[in-house]
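Okay, so here's just one chain, in structure tokens, the form predicted on its own.
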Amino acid sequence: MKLTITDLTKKFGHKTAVNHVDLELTPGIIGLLGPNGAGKTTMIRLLCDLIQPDSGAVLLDGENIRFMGEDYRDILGYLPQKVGYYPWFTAEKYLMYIAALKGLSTEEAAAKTKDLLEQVGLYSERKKRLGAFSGGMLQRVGIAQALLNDPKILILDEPTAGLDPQERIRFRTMIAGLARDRLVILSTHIVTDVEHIATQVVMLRSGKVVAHDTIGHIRNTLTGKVCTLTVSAEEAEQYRQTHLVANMQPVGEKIMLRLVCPNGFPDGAVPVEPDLEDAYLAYCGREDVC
């Protein structure tokens, strides 16, 4: 299975949200990274065939998804940023309802609902109304509904929004287990959501793909370009204005900066190994210092 994106462009008025994107995506976990406003949600909606491109196409094994209709939706699972729900429904009733909309038989729906509620850790809460759920619990229900039809393509838009650290770890573990025979596209601006589970990363900036590779290869492009530097608080503020600062850590009366320096290190800097956050900052950070 291969999802091919060719010259994909989408504009809203004078703003180009997705700008002539070309990608080939195969099964595994694809981390779609970019700051707010980079075009991630527009890209996701195009991949889900919810909006039409101004130019270009999305092809599944060579066939345009625009013309596949139910055949495409039958293999697609989608979690939007905000999950719509009826607050008076229980978690169990909600999933049974969504399963019916997706065409599952009553027996299939009951079995999948039980299995997925167990997977997302909500089986004991299955009779509880959604209106009483926390934001993190609702997000887990949303993940469960996206999996009801056992999709071959699973698209998740900011799936860890509202989750606490423990829930995020649970989510990452679950997604890693699901990706063995699926194409999972995980859109986020939080690097740690994908750093330990993604097989590939796509970075978007102003609607354009600025990096697409494995995490290791993307990190390696920053080799020799990341350093630490200990300076006074006043100097730290100056560096913050003129450099890509990945981290600021107090050390006594001074500040230790972690800097991404594509054009060379300042005097006194100590080279360090780059990580994915450094690469994200380099590819998607401030244009005035890149």
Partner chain sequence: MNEKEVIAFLKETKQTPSPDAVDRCINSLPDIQKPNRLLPLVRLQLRSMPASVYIWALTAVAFQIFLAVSLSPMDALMATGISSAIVALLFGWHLMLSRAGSMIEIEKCCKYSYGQIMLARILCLSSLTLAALLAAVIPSAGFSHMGITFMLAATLPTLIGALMALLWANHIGNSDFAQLTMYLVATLITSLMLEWIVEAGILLICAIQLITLTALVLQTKNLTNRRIDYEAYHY
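Small disclaimer: the values here were computed from a predicted structure and weren't measured. Numbering follows the first chain given and starts at 1.
The same protein also has a form predicted in complex with its partner chain, omitted here; what follows describes it.
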### Query
Should Q145 be counted as a contact of its partner chain in the model of the complex, where contact means heavy atoms within 4.5 Å?
yes
### Message
Please determine whether I51 contacts its partner chain in the model of the complex, using a 4.5 Å cut-off between heavy atoms.
### Response
yes
### Query
With the partner left out of view, is R258 within 4.5 angstroms of its partner chain in the model of the complex by any non-hydrogen atom?
no
### Query
Is there a heavy atom of Y123 no more than 4.5 Å from a heavy atom of its partner chain in the model of the complex?
no
### Task
Using heavy atoms only and a 4.5 Å cut-off, determine which of E70, E253, D61, E234 is in contact with its partner chain in the model of the complex.
E70
#### Entry: Contact residue in the model of the complex, from A100, A161, A132, I190 (heavy atom within 4.5 Å of its partner chain)
A100
### Query
Do heavy atoms from each of D74, G84 and Y94 fall within 4.5 Å of its partner chain in the model of the complex?
yes
### Per-stretch contact check against its partner chain in the model of the complex, the hit in 113-121, 76-84, 201-209, 167-175 (non-hydrogen atom, 4.5 angstroms)
76-84
#### Entry: Neighbours of its partner chain in the model of the complex among 180-195 [non-hydrogen atom within 4.5 angstroms]
none
